[in-house]
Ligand SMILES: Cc1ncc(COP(=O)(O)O)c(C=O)c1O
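Given next, in structure tokens, is a single chain: the form predicted alone.
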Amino acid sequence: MENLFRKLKENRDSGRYPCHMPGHKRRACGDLTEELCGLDITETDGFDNLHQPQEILLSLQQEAARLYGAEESFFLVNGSTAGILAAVSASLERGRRILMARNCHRSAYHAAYLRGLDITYLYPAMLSEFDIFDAVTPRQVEEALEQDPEIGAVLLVSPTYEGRISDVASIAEIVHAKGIPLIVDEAHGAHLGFGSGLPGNSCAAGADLVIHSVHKTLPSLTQTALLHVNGERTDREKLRRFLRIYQTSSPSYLLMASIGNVLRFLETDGERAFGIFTQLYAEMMDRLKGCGHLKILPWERGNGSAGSRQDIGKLLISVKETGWTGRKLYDLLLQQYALQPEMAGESYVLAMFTVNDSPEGYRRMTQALLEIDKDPQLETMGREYAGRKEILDFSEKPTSRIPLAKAWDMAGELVELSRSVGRDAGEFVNLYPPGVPVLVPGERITENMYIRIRSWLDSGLTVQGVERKAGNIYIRVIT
């Protein structure tokens, strides 16, 4: 396999003076070190071109396709966002209809907006014990396609941000029976299929377009991703056109070398490394069964069989029946135990483990949670919580009064959040991470939605789509 990092080092040490971009000229500047600058180049002789690859980048993309079981793969340096934008744009003509999981990332909604698409939503069931969406099921997809013959493509998320995996193989059969493509946002599943006992990836399951964030669950630099394509349902020339539109014309060779490095790792050391990963993660999950107040979303070992499963690596800790908030547990892990979780939800904390974690990380997280679980305050507040009625209705499905493609361009105004009930949202509102909208432009703001957003803010969570001014919270609505 080609080694782009080695080639970059050879170029740095070649003695050739850089009379070309980038402007740092491979020299240190301020806090920017010579070690980084020395490897950071543009498209010079011998380094190919991402948007018309013929040499080393073509070879590396072919290796990615081989490893993931795809017919063709593309490097993404603008993250999975660029892959989702390109996949949706290439799959549907302007103004068509897409069937899309409601828990898709904002980039999917952006693609629908840019192409003027109508959206039919798939609403996954809620795992009420943990306040998270489960995976989309084949039956849901089948029923939606039967009800709406105008749907031109299907987009789902698997694994979800919290690790729920769909039966993609069965869904692909259902979608293909209608003669339309299946797009899978598998951003959190770049590791799937590379260890015994792990489910296969969506390329192997028959999806037409699959997007992987290699930086999310594999040891690669932030912003690196892959887009895979299979079959004849996708116009590949159109896909390349949209990749040129949505990706930078000056791709970072450090990022592309990082993807190549991961591919070599998977090829030469993946089986051994994933064996260790699985063992360490399983031992941590087994020990955490000793928690009496904190609830841990169970990991279900799988082999790619049908049905929803829980992916490896995601550690979701629920405080739902303790009286604590997710933010309280998050802050405790960060401040007292020096453990930085991935995110805090209203009633849970999500931490992530990958093939590159050290045994120390598992040990420290396990010890911290077992100690916290014994906190007398946790037990007392848990007793106070028992029998308390839930405030939030997570099952509410927003009502879209104006299509997204039209609503986001309409005139709007900022109003106080408390006065927004009954108005139509003029902006996306979501927790970040993960960037899944709870409100989409054109949807009616209900009393329950107001309570939900207000509760998030009161819990100290990061809510995008609202503004703070002079101590008040404002939201944009359509005028």
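Computed from a predicted model, the values in this text were never measured in an experiment. From 1 onward, residues are counted along the sequence shown.
Here the subject shifts to the form predicted together with this ligand, a form of this protein not shown in this document.
Participant: Spell out, yes or no, whether the shortest heavy atom distance between S80 and this ligand in the predicted bound form is within 4.5 Å.
Facilitator: So S80 counts as contacting this ligand.
Participant: Closest heavy atom of H215 to this ligand in the predicted bound form, within 4.5 Å or not?
Facilitator: Yes - in the predicted bound form, heavy atoms of H215 and this ligand come within 4.5 Å of each other.
Participant: Using heavy atoms and a 4.5 Å limit, would one call Y161 a contact residue for this ligand in the predicted bound form?
Facilitator: Looking in the predicted bound form, residue contacts with this ligand include Y161, since a heavy atom lies within 4.5 Å.
Participant: Is there a heavy atom of P434 no more than 4.5 Å from a heavy atom of this ligand in the predicted bound form?
Facilitator: Yes, P434 sits close enough to this ligand in the predicted bound form that at least one of its heavy atoms falls within 4.5 Å.
Participant: Could you tell me which one of R309, H105, H191, H228 places a heavy atom within 4.5 Å of this ligand in the predicted bound form?
Facilitator: Only one listed residue qualifies here, and that residue is H105.
Participant: Using a 4.5 Å cut on heavy atoms, which of A187, A135, I183, V349 is close to this ligand in the predicted bound form?
Facilitator: Going through each option in turn, the one that passes is A187.
Participant: Of these, 93-101, 120-128, 215-223, 135-143, which stretch puts a heavy atom within 4.5 angstroms of this ligand in the predicted bound form?
Facilitator: Flagged stretch: 215-223.
Participant: Select from 310-344 the residues with a non-hydrogen atom within 4.5 Å of this ligand in the predicted bound form and write them out in sequence order.
Facilitator: Contacting residues: none.
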